[in-house]
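The form predicted alone is given below as one chain in structure tokens.
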């Protein structure tokens, strides 16, 4: 049995805490899919603001 990769979880928490200023408890309280969605949405905003709309975002595979 494998769980969600711990390194990925740390990346998502750090990303949302940095950009949205949400606290650790709030971020960890999100369901995985919702946390991942927020990461992708913030990443998309950053790409647009930086003019990198054709580049892959940090959370895109």
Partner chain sequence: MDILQTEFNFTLPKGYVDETGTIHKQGTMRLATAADEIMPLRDSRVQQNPAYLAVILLSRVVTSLGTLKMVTPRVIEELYTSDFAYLQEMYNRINQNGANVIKAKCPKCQHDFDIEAETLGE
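Numbering follows the first chain given and starts at 1. For clarity, every value in this text was computed on a predicted model and none was experimentally measured.
The protein also exists as the form predicted together with the partner chain; that form is not presented, and the subsequent description refers to it.
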Original post:
Looking at the partner-bound form in the predicted complex, is residue 9 within 4.5 Å of the partner chain by any heavy atom?
Top reply: yes
Original post:
With the cut-off set at 4.5 Å between non-hydrogen atoms, does residue 47 touch the partner chain in the predicted complex?
Top reply: no
**OP:** Classify residue 40 as contacting or not contacting the partner chain in the predicted complex by the rule of any non-hydrogen atom within 4.5 angstroms, answering yes or no.
**Re:** no
Original post:
Contact between residue 54 and the partner chain in the predicted complex at 4.5 Å, heavy atoms?
Top reply: no
Original post:
What are the residues of 32 to 50, in order along the chain, with a heavy atom within 4.5 Å of the partner chain in the predicted complex?
Top reply: 32, 33, 35, 37
